[in-house]
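Here you get one chain, nothing else, as structure tokens; it is the form predicted alone.
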Amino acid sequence: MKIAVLGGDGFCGWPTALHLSNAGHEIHILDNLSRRWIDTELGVQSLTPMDSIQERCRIWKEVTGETLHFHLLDIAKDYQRLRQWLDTERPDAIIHFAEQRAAPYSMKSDIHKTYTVNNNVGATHNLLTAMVETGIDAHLVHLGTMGVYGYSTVGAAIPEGYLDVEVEKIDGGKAELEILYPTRPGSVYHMTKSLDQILFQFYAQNDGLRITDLHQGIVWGTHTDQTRRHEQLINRFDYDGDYGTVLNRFLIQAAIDYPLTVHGTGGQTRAFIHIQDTVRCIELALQDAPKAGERVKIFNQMTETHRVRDLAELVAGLTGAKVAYLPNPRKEAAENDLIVKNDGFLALGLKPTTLADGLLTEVVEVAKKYAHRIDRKRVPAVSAWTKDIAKRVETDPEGKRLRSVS
């Protein structure tokens, strides 16, 4: 297939592009490289050294003989170019990663909130409209998030996207309905993914677009089979308080003898998935495309759930690191349970990668190898969800004041 990977320079996009190219597909990466500009804005860099996207594509060609086609394009702003590209290339499938992906970054300020909404929702709607206008019959696979569901405890498993409900009719009878599982986003970033869902529902029913929405858990790990083939193919690895995912950050902290930062009680339960399973799930979703006129297909793309404090204790036991409990910059419940159905991908043949010591140790080894690139001041999470939370005096586990807002 000819596959467009939107956001193919990113944390999930790059290994997905390599995985699908290795499987024999013709891959076109469309990216505005905004994630690299955000590194510059935040004054932090990927733990792993990243060459330019052009150099990465050159190395892949050298190693495998396969070509990755790169197109510099901002799909949230350059609608006409996007539509022209789709009309000219007419891909068989489109994988949509082209959204600002960090909840803390989306909550840093009003500017960051506005950027996240304009970028994420604008990109998604531009893409859907361009698909309709060009008349292409491409299967759209979108990377969403488990966070659209929120993290409240209801005592029931979260289904894969849809909920069967019964409502009372005016005449006193009962009617059965199938609705989208109610969203309860916990950040502006998660809100944009909730808005994406509504856009997908409309364009699927109105225009017959074939859409799969993947509600993904927190990604951990760095290597896939393809990124291991050459040092310059390595994936990016974020460790900072805005973009570093919780388990990866724990492993980084352990590698540099920095206390593992648990915010609040650590009773937050989250869904997780290894980066190797992420790329495999994308491939499985491509092979199970809905037909025109069918409802949006939704998968819960995760393999296991853990409480944050349990993860910290697991890493501490593996590495000997200390655990530090700090105030929580997020506005969320101190404790929650999370039960998630993921029957869809299991039925398609996914064999989940779990938190095995070997893979955890591999990440620590990557962190130690590039420890000289870590700026310790960027490790703590300080982006606050509200002004009241931001007024707290925050210190990092090493006892240094980070912020005091009066």
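Throughout, we count residues from 1 along the sequence that is shown. Computed from a prediction, not measured in an experiment: that's the story for all the values here.
Omitted here: the form predicted in complex with nicotinamide-adenine-dinucleotide. The next part is about that form.
- Among 299, 97, 200, 258, the residue placing a heavy atom within 4.5 Å of nicotinamide-adenine-dinucleotide in the predicted bound form is 97.
- Contact with nicotinamide-adenine-dinucleotide in the predicted bound form, judged as any non-hydrogen atom within 4.5 angstroms, is confined among 291 to 299, 314 to 322, 143 to 151, 201 to 209 to 143 to 151.
- For residue 191, no non-hydrogen atom is located within 4.5 Å of nicotinamide-adenine-dinucleotide in the predicted bound form, even though that partner is not displayed.
- nicotinamide-adenine-dinucleotide in the predicted bound form is approached by residue 245, whose closest heavy atom lies within 4.5 angstroms of it.
- In the predicted bound form, at least one heavy atom of residue 32 sits within 4.5 Å of a heavy atom of nicotinamide-adenine-dinucleotide.
- Among residues of the shown chain, residue 76 is one whose heavy atoms approach nicotinamide-adenine-dinucleotide to within 4.5 Å in the predicted bound form.
- Shown here without nicotinamide-adenine-dinucleotide, the chain has 7, 9, 10, 11, 12, 13 in 1 to 21 lying with a heavy atom within 4.5 Å of that partner in the predicted bound form.
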